[in-house]
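Encoded as structure tokens, the following chain is the form predicted alone, with no partner shown.
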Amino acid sequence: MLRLPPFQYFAPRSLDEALRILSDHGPEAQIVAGGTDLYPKMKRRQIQPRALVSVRRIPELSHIAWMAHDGVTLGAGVTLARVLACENLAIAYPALARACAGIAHPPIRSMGTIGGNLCIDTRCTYYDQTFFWREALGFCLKKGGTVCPVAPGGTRCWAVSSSDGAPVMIALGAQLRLIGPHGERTIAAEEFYRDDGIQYLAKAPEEILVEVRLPCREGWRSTYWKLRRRGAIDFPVLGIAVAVCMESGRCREARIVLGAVGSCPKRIREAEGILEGNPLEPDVIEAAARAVSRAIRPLENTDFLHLYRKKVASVFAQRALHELAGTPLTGGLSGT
């Protein structure tokens, strides 16, 4: 049986108190919300904080606030289950509801939070193993080693982004509000992620993600498609978020963002350019889907062969765009 290592647990009731505790304990402290990913990683000794600072009791992180003509603000501590229970959110942001519904299973969604999913650690076949397994094989660059088994000749970690929410937030143009010891700042979701398997967030350890601001998306349609081994529980090995704004039967603006194909979500601007200014007709959709496949280079460090994931990216792009266009699907792969 894998057991948690010893640690101190703090449950502050305000942001000021949480920031003070984080400052006092420095790099030995770790923020925890639902803990659905953190605690298993602690058991496997991938992450070994001496102090855990829970943000579950901080009121500012648990609100859902609708703003007239300005969209909605979600506290980072809002659970995935609560997002799914809000019908207005599902109507206004279908991609968000689809992504949350595909995360793990109901007990996990009742504990896991929006902020936790957006900040979730990157994953890799060589990293997400027990301590004993990693010790026997040789520790990887992300934890304790000097070589990345995925690309031994390189100097960087290739662990992949494992968040379902991240590509959706980028596609929807979300803004993230963070508070730290030096004040607060707002950053676009697209700028929040770095192409680095270790330093994958543009967030200091002592900063707290407080809320997510989703702009009003009137006239937009959005969806999310996910590939994984099983129909529940598993992390994505491919996620594609698509949002389009239609005007007079043509696509005025488009956003296509892929997750789990690299160390950060990848926006496919070439495919967006193919869609913009055109009706969502089959030939346009097929051309955009080909551009999606060309743009990604998935590696052999997650489930499924990388060539299969590359092919499914094209198929899922077509399915997502046909869904938003309201046209029937033709050809492509059978259900995965």
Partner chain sequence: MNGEQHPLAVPVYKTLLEVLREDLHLTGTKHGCELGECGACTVLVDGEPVLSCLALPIELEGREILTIEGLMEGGRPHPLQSAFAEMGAVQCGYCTPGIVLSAKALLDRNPMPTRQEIAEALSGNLCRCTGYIQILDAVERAGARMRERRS
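Every value quoted in this text rests on a predicted model; they were computed, and no experiment measured them. Numbering follows the first chain given and starts at 1.
The form predicted in complex with its partner chain exists for this protein as well; it is not shown, and the discussion that follows is about that form.
Asker: Heavy atoms within 4.5 Å of its partner chain in the predicted bound form: which stretch in 271-279, 49-57, 289-297, 302-310 meets that?
Answerer: Comparing against its partner chain in the predicted bound form, the contact stretch is 49-57.
Asker: By the heavy atom within 4.5 Å rule, which residue out of 109, 226, 203, 134 makes contact with its partner chain in the predicted bound form?
Answerer: By the 4.5 Å heavy-atom cutoff, the listed residue in contact is 109.
Asker: Pick from 216, 233, 85, 91: which has a non-hydrogen atom within 4.5 Å of its partner chain in the predicted bound form?
Answerer: Filtering the options by heavy-atom distance leaves 233.
Asker: Does at least one non-hydrogen atom of residue 44 fall within 4.5 angstroms of its partner chain in the predicted bound form?
Answerer: Although its partner chain is absent here, residue 44 would touch it in the predicted bound form, with heavy atoms inside 4.5 Å.
Asker: Could you confirm whether residue 329 comes within 4.5 Å of its partner chain in the predicted bound form, counting heavy atoms only?
Answerer: Residue-level check for residue 329: no, no contact with its partner chain.
Asker: Do residue 26 and its partner chain share at least one heavy atom pair within 4.5 Å in the predicted bound form?
Answerer: Contact check for residue 26: no, nothing within 4.5 Å of its partner chain in the predicted bound form.
Asker: Does residue 182 reach its partner chain in the predicted bound form if we count a contact as any heavy atom within 4.5 Å?
Answerer: Residue 182: no, not in contact with its partner chain in the predicted bound form.
Asker: Heavy atom within 4.5 Å of its partner chain in the predicted bound form: which residues of 3-23 meet that condition, in order?
Answerer: Going through 3-23 in order - heavy atoms within 4.5 Å of its partner chain in the predicted bound form - the hits are 3, 4, 5, 6, 7, 9.
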